[in-house]
Ligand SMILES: NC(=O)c1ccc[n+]([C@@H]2O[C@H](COP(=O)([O-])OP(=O)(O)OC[C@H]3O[C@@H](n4cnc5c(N)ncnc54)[C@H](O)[C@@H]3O)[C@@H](O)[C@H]2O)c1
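Consider the single chain below, provided in structure tokens and representing the form predicted on its own.
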Amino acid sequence: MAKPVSIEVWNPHGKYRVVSTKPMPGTRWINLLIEQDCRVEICTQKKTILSVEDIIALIGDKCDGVIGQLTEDWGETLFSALSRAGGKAFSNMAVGYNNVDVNAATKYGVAVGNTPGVLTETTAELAASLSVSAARRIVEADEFMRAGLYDGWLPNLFVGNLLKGQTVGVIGAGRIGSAYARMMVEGFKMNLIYYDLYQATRLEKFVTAYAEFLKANGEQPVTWKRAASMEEVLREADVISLHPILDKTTYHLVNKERLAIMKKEAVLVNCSRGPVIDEVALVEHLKQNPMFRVGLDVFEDEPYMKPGLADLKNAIVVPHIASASKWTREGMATLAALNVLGKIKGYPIWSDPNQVEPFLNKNAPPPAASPSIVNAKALGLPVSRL
């Protein structure tokens, strides 16, 4: 029997019981649930990652829905426990759901929500920030300064890479990859090479239009190219940002062999999923190539890093903060809560999970729909006509 976990309760006499496994930013998500007669219980246990046993204790004997986190293992055990408690809804506060066994959820009739459409610009901004920080060696220079080692300007002190006129490579030109590409092309006048199974027509048109603008103003126009392979991007680009989905085809996408074909002074950025990089191979490559630099927001065995990575000056490592802007995190909490609420209230599914602005408008009630349910079709849930 799991030990009880500490909770904070809002609207204790609410008709529906909704549990959040973590405190989440903002209060709008709480208020939206309370307004629809929900009792909201928020786990306040001083524990970064809850165990399956902890979450079972939270679910208890009666629970209508749960808002969970990407660090939790939502599989057969938890979905069967939620189903026994009468629950029909679970939402990850994340766009990804690699931690969720969707088939198990469907088996027990539980709708699984996620939060796309709200992370695009925020994630792209962090990828751009890591690109600039790695290229210009900003973290190294900051540590040097704070250590009191600076005693005057020197010609060779922390010389990094100029981005203007260089080539930015994007692997995975979906919403986030394309947003990142636009930032780097327009912000730093970089040329673009990208690889994606599908043609990024809007991105290509953007770069073409920007090139015409530069040319009209007497500047060197930027260029774009859709690569025939990932290897082509890795060979040609000076800065490469990874934005693929994680599946069996992208596991260890960047391995020892592919690292070897990259430029010796290239910058590699990953804000997608940790396992797309073979981290052991990366550590060895960084050791052998001191001017090769990386910016990592995610890790293969998160929250752990492979041995040696933390000791390398040519690696910038941050703790999975790509979505960590106030607006985005509050938006994610709101969307996750509305996914659960929508299923409890019997609402249909929003027709386009990437068009979430109506749900995030604080000056108007949200639509009577669940923003994003990934197994809606399998459960036979209706689609909203709103």
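The numbering used is simple: start at 1 and walk along the sequence shown. None of the values given here were measured: they were computed from a predicted structure.
Another form exists, predicted in complex with this ligand; not displayed. Remarks below refer to it.
Colleague: Given that this ligand is left out here, which of Ile138, Ile245, Val102, Ala260 has a heavy atom within 4.5 Å of it in the predicted complex?
Modeller: In short, Ile245.
Colleague: Name the single residue among Gly96, Gly165, Gly187, Pro290 that comes within 4.5 Å of this ligand in the predicted complex, judging by heavy atoms.
Modeller: Going through each option in turn, the one that passes is Gly96.
Colleague: Partner absent here, but in the predicted complex, which of 215-223, 104-112, 202-210, 271-279 has residues with a heavy atom within 4.5 Å of this ligand?
Modeller: Heavy atoms within 4.5 Å of this ligand in the predicted complex occur in 271-279.
Colleague: Taking heavy atoms only, is Ser229 within 4.5 angstroms of this ligand in the predicted complex?
Modeller: Close contact is absent here: in the predicted complex, Ser229 is far from this ligand, nothing within 4.5 Å, heavy atoms only.
Colleague: For Asn161, is any heavy atom within 4.5 Å of this ligand in the predicted complex, or not?
Modeller: Residue-level check for Asn161: no, no contact with this ligand.
Colleague: Determine whether any heavy atom of Ala57 comes within 4.5 Å of a heavy atom of this ligand in the predicted complex, and answer yes or no.
Modeller: Outside the cut-off, so no.
Colleague: Does Leu119 reach this ligand in the predicted complex, with heavy atoms at most 4.5 Å apart?
Modeller: Taking the distances in the predicted complex, the answer for Leu119 is yes, it comes within 4.5 Å of this ligand.
Colleague: Is every one of Gly174, Asp196 and Ala322 in contact with this ligand in the predicted complex, taking contact as a heavy atom within 4.5 Å?
Modeller: All three within 4.5 Å in the predicted complex.
Colleague: Does any residue in 339-372 get within 4.5 Å of this ligand in the predicted complex, counting heavy atoms only, and if so which ones?
Modeller: Nothing in this stretch is in contact.
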